[in-house]
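The chain below stands alone, shown as structure tokens; this is the form predicted alone.
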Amino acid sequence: MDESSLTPVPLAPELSLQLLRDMVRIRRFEEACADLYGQGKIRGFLHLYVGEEAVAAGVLHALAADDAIVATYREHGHALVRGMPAGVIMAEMFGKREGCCRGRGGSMHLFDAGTRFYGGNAIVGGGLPLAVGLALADKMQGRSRVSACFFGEGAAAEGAFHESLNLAALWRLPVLFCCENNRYAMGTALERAHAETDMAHKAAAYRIGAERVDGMDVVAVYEAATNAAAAVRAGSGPRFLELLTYRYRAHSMFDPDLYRDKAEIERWKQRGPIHNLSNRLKAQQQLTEEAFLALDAQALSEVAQAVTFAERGTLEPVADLLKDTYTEPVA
């Protein structure tokens, strides 16, 4: 896509504004997490989604409420858009009992069965076989559902990637594979780790319909995901989307980010998904700067309330630390 293009947004105004709103919510939430990590209120590993917001917003709005979501350890944005309350997510990262997993999972293991959000997974590629299993269950039960699985391009080097795509193709399972290709996995450039750098070609090797999508354009993501999900739901087997995106921050808060040129980061920021959409909506007079600032203020307020909720939360009693770890033997 031409970086200076202000092509019209071919979506209903309400949907366009919701996509923009969710991307801003993700951005503000992640920026707050970075600050809270610096204060020592969030501990452990923390992987931020700044720059990649169009992928989560675009794909998740193309799915139905009873579809399943399997994500990676960079999943705060997916959980937010899926409908998990910001306060519950933040409390989980604070290690509080009010979190979605009572504070036991933390940043990398968000889970909520009520929204069919099946994690957060700290293992690279670990969510792929889980999505295949969910899809197999749906097919065996005759349910018209899609299991959407998010993973990075680094996962394509794992055996689970190939095993999962192979079984999904063989059994024509209703899986939507969403590869968030941010080019660096942890800290190694894609072309230095993969002989074939086109992830869609890898999927095509398993006879899975695959498409490369501009992951910085939420409209392109939404349209591609809508079409792919419809094909999966219709029973034509799995689909694969390679979503070309970029993270502005380091891989994690422990990463000194010495493996890429700062000018490259700035070039990608010029194609930022939030400004991409907001500028296009302004050009077609569906958004004003005042309305955008109001939308941003709402996101900041939501995040502030989430932080307050997390700070007022309670820690799990020491006596409960082994709860759910072992089961009592059956008499």
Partner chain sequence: MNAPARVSYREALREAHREALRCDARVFLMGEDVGRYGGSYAVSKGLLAEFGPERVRDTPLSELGFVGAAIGAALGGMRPIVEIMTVNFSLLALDQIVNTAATLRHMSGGQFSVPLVVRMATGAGRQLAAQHSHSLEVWYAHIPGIKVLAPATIEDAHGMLALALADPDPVVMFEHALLYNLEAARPSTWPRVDIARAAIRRPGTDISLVCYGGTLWKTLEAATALSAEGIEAEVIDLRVLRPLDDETLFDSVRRTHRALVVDEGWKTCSLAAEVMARLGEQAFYDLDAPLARVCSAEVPIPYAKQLEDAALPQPATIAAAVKRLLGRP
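Numbering follows the first chain given and starts at 1. Model, not experiment: these values are computed from the prediction.
This next part talks about the form predicted together with the partner chain, which is not shown.
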property: Which of 135-143, 186-194, 210-218, 253-261 lines the interface with the partner chain in the predicted bound form (heavy atom within 4.5 Å); result: 135-143
property: Answer option from L167, A157, A200, L244, heavy atom within 4.5 Å of the partner chain in the predicted bound form; result: L167
property: Three-residue site P129, K323 and E328 fully in contact with the partner chain in the predicted bound form at 4.5 Å by heavy atom; result: yes
property: Partner proximity in the predicted bound form: G237 to the partner chain, non-hydrogen atom cutoff 4.5 Å; result: no
property: Contact flag, F117 vs the partner chain in the predicted bound form, heavy atom cut 4.5 Å; result: yes
property: The partner chain contact at E98 in the predicted bound form, heavy atom, 4.5 Å; result: no
property: Exercise: E153 in contact with the partner chain in the predicted bound form, heavy atom 4.5 Å; result: no
property: Partner contacts in the predicted bound form for 89-105 (non-hydrogen atom within 4.5 angstroms of the partner chain); result: C100, C101, R102, R104, G105
